[in-house]
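The data below hold one chain only, encoded as structure tokens and taken in the form predicted on its own.
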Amino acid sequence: MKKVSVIGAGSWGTALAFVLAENGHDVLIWGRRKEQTNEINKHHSNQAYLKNCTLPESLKATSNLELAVEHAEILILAVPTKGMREIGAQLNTLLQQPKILVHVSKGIEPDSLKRITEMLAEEIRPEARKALVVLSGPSHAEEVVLRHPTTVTVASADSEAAKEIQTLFMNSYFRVYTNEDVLGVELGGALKNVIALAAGITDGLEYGDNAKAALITRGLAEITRLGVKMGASPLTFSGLAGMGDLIVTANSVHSRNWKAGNMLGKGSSLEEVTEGMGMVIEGVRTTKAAHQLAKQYEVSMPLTEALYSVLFEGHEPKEAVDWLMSRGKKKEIDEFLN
């Protein structure tokens, strides 16, 4: 049995805490709001994020971050990318001994273009972190708590830490693989949100299966092109953190990014979508970062460029699609590889 604290009581943090508690670990979940942590402790539920889900009675919650840090030998960081630096800075102050830090979020910081492990490495002093691990893959929280078969991957520069986290989470319905390509796993998890937003727009425009299949396929080509140029393994993008996560996020009604795109395709403004969702839409920030990365690495990413024009330049979704379809002739495979 391990002592684990999950930092972040949203849907994904709660689902992972659910898995860890069912695996027999001593789990404490941290949330900012006392009313939420009280609900988890008294009613074994978190209705705002996971409706009709009964949490294990052994799972405890706190709104005291210091207590959560003291409790654990392993910390699972399940906060949005936007809040990762703030949490990292707080952990840097609170950590008195090195611990394994596992982040489970998917995003890239605009402007700095840092991945989450890079952000954490900047915010938390080396002597306070035993290892940095990323957990990613096709995994909707709503299905995990129903114990539906789910498969993810963990990656770390420390292979022993990755194996430890693999063992921590593995059970009959939650299967975990290891991967040494931290860069590829983080890029795949972040960039698929961009394509999922675009897929939602396609569905909102009612363009059908042909268009969506093409978008997902060409989207994976874009992700792979950029990832390989940055130094990641192309094989990672055909795995769980790439193709797997892209398929589930671009097709599921559970996906916040797909929902947001769908609303945009049906005519809502970005402001209306953001306000209506009530939860963080990682793909919006990541689209800005992906647009910047494409320029920096001189990589062709037309789908990302088209989505950027819709989100930040006021173009209509149909106008962006018309531009994509009228581009010059290309070779599919040459374009994919280069």
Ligand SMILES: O=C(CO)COP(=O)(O)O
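In case it trips you up, residue 1 is the first one in the sequence shown, and so on. All of these numbers come straight from a predicted model, not from anything done at the bench.
Keep in mind that the form predicted in complex with this ligand is not shown, yet the notes after this line are about it.
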Stretch from 124-132, 68-76, 188-196, 223-231 whose residues place a heavy atom within 4.5 Å of this ligand in the predicted bound form
188-196
So, 288, 304 and 309: all three within 4.5 Å of this ligand in the predicted bound form by heavy atoms, or not?
no
Give me the residue from 263, 100, 120, 248 that has a heavy atom within 4.5 Å of this ligand in the predicted bound form.
248
Answer option from 114, 163, 254, 212, heavy atom within 4.5 Å of this ligand in the predicted bound form
254
Would you please decide whether residue 239 lies within 4.5 angstroms of this ligand in the predicted bound form, comparing each non-hydrogen atom pair?
no
Can you work out whether residue 218 and this ligand are in contact in the predicted bound form, taking contact to mean some heavy atom pair no more than 4.5 Å apart?
no
Residue-level contact is defined here as any heavy atom of the residue lying within 4.5 Å of this ligand in the predicted bound form; does residue 179 satisfy this criterion?
no
Check whether residue 184 has any heavy atom within 4.5 Å of a heavy atom of this ligand in the predicted bound form, and answer yes or no.
no
Could you pull out the residues of 123-160 that have any heavy atom within 4.5 Å of this ligand in the predicted bound form?
137, 138, 139, 140
